[in-house]
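In the form predicted on its own, a lone chain appears below as structure tokens.
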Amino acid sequence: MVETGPARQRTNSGPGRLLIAVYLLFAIAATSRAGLQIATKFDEAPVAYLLSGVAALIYIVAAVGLARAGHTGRRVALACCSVELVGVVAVGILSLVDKDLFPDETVWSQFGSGYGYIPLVLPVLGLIWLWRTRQAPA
């Protein structure tokens, strides 16, 4: 009989399902917001609206990565959560330091304050979940 080592919980099971649902909710919200802003008033704050579009894309890809689970899905989700965290922190700082850079809010402005700071907490929870469900060394 071959020992396979301790079983690993999949990223799309248990609490991972709630995490995926929140990512999907934010994907829909950010996509809707960015789409409307880009279509109707892009010239007013192009950087802010493009960043909302980037955030939407990251939320979509992160949700797919977490839902796919396997090795590739984990790597995609890890990359998305990492980029998202850096983006939220960078945009959060810039939006407080230089308000002229963001004449209108993005999903990540002021660390996601317009969304209850969930954009700041979400990538941290994603990274923690990916850590907890990682393959244990044999």
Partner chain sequence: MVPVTSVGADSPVDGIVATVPIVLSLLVAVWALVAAVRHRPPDRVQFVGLAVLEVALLVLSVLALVAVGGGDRPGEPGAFFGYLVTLVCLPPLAWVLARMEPTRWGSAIVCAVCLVAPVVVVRLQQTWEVLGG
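Positions refer to the first chain, counted from 1. Predicted model, so just to flag it, every value in this text is computed and none were measured.
The protein also exists as the form predicted in complex with the partner chain; that form is not presented, and the subsequent description refers to it.
Stretch 25-33 is the answer when you ask which of 25-33, 73-81, 96-104, 53-61 has residues with heavy atoms within 4.5 Å of the partner chain in the model of the complex. At the 4.5 Å threshold, heavy atoms of residue 21 reach the partner chain in the model of the complex. Residues of 61-88 that come within 4.5 Å of the partner chain in the model of the complex, judged by any heavy atom, do not exist; none qualify.
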